[in-house]
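Shown next as structure tokens: one chain only, the form predicted on its own.
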């Protein structure tokens, strides 16, 4: 396994977020990416050259068989997360997997059980935990300064599907993604909510698809879109707080916008990922009577310690620590996703945990 200073990694899936993961590993003196795998030979060759990766594979099974590894980073479409993760875990490798962890809670439960039995580090890339403002929000809530949390209103807005001529990519197919925006963006909101407030005990959901056919890349032929374009749900937390969640890919002129408002018995907080180094706050009777929120910089110590999930994953392997979101966190998010899907189908509240 890993030496005291170097973690030998393979990345499986080089498109999309793969390059972002590799840039993060480049920033770590403890990481050495020695192999890459992708079914697309052009993407694989381009990334291998860009990041000086010595070995490339089209089949992850061959990679796992031939390479001497400590860990794998899985950046493939959702429908292969469980299969690849389980294969790596069986070889005793540490695993970092993109979110959502799996296609459903049943796959996620199997992944959690396998990682526990093997005793490996199993992490999920819930990257927004690393935003300085998000970390500061968590510290303030845990300090008790806002009292008992009562309400969370949280949104995540992108606009890349506003044009109906945008192509039908894999994220828009249930077979490859499981759900649409709910799993893609909503999983991040669920994780932040749990990280800040606590576990969710019940949901009431609604899912909407606006454009049901889109052109396939390179052909122009129309193909069905069978996942949600927008997702919203009400939530109740185990501690009695309530939540309102909304995510969409149809927010005009939005690129990647998150916002959260948290209200407690003695204070309120506002988070905006596009302003990562500050928050808004109102705490105490004076600010309550003034009906005033003020902007507060995130402490320099938190800003200076900003990192990535990839760097944390490598550090955890070397140090034997656990600082990232885990497979257990990924499972908890997946349980909520499945409950929202069930609620949207039945039209009623669904309580957790699910069977």
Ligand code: SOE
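Owing to the predicted nature of the structure, the values given are computational and were not obtained by experimental measurement. Numbering follows the first chain given and starts at 1.
The same protein also has a form predicted together with the named molecule, omitted here; what follows describes it.
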* Asked: Pick from 245, 136, 128, 271: which residue has any heavy atom within 4.5 angstroms of the named molecule in the predicted complex?
  -> 128
* To do: Check, residue by residue, if 99, 158 and 184 all come within 4.5 Å of the named molecule in the predicted complex, counting heavy atoms only.
  => yes
* **Stretch in contact, per heavy atom within 4.5 angstroms of the named molecule in the predicted complex, of 200-208, 139-147, 185-193, 228-236** => 185-193
* Verify the contact flag for residue 256: yes if a non-hydrogen atom of it lies within 4.5 Å of a non-hydrogen atom of the named molecule in the predicted complex, no if not. => yes
* Does the named molecule come within 4.5 Å of any heavy atom of residue 17 in the predicted complex? -> yes
* Contact label in the predicted complex: residue 105 to the named molecule, heavy atom within 4.5 Å -> no
* What are the residues of 33-60, in order along the chain, with a heavy atom within 4.5 Å of the named molecule in the predicted complex? -> none
